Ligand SMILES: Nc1ncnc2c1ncn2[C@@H]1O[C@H](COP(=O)(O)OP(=O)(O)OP(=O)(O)O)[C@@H](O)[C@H]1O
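Shown below, as structure tokens, is a lone chain in the form predicted on its own; questions about how it binds or moves come after it.
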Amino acid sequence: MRQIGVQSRNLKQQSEPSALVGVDSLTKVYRTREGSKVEALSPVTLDVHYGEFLSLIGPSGCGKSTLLRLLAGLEEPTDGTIRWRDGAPSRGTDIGFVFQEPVLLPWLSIHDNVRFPLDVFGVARAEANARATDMLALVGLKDFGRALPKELSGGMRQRASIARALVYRPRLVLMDEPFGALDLLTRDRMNDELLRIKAETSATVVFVTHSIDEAVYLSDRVAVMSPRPGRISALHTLDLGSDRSEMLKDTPDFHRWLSLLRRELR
């Protein structure tokens, strides 16, 4: 059997020139109400490359979402550093975050929900409206701008959430199991939509998922995390090319990657 083209990395090395973000020896320890300590992340070292799609997989409670929140600046690390190659980010405009639930404002239209971050950042109303309209077209919702969130399906609301995260053109998009609550068919369609949006925007994406199939289908690289305290136990570059479609899932290479990652997660 031909060996899969796995590219191993020395996790102690310095950030590569292609890295947008370098994470060095990052740890996170929480204190419970009783005063005891819970170590969520043991030292994590990882580069996020410009324009890549990087997935984080691992067992529940291994720190995947914690790592995303640290990258977003929503929490402070206990130790270690996060270094941006082009200087410190603005937490508002350089980082977009897509949660598992869309978290749309129910009293605003879909268009106004997408435009909302631009209003917060003081973008002129004409430009903000134009950019929101463009993003709704990009995610396939150009005819639903006047609708309220409750009038859309779960998949459509998540598309709106992705549009809102991208509307201010962030350098890094963080996605925390954004399709986990969707049915399988809708999830497959959303995966294809995400690949299309990624190709059109050249965004850099870090994506948390429990689905190995989803990680292999979407990703340029996959980082495997160990049980808590989480660490990067393996990091793989997938040799599946950039032209992804449902036919990929029937290929031997796709199934070899599934088998490899399942073994590592065990």
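Everything numeric here is computed off the predicted structure, so don't read it as measured data. One-based numbering along the sequence shown.
Heads up, the form predicted together with this ligand isn't pictured, but that's what we're talking about next.
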Query raised in the report: Out of the stretches listed (199-207, 47-55, 63-71, 216-224), which one is close to this ligand in the predicted bound form, meaning heavy atoms within 4.5 Å?
Result: 63-71
Report task. Answer with one of 177, 112, 94, 193: the residue that has a non-hydrogen atom within 4.5 Å of this ligand in the predicted bound form. Result -> 177
**Report entry** Single option in 235, 40, 212, 238 placed near this ligand in the predicted bound form, where near means a heavy atom within 4.5 Å
**Finding:** 40
Query raised in the report: Could you tell me if residue 228 has a non-hydrogen atom within 4.5 Å of this ligand in the predicted bound form?
Result: yes
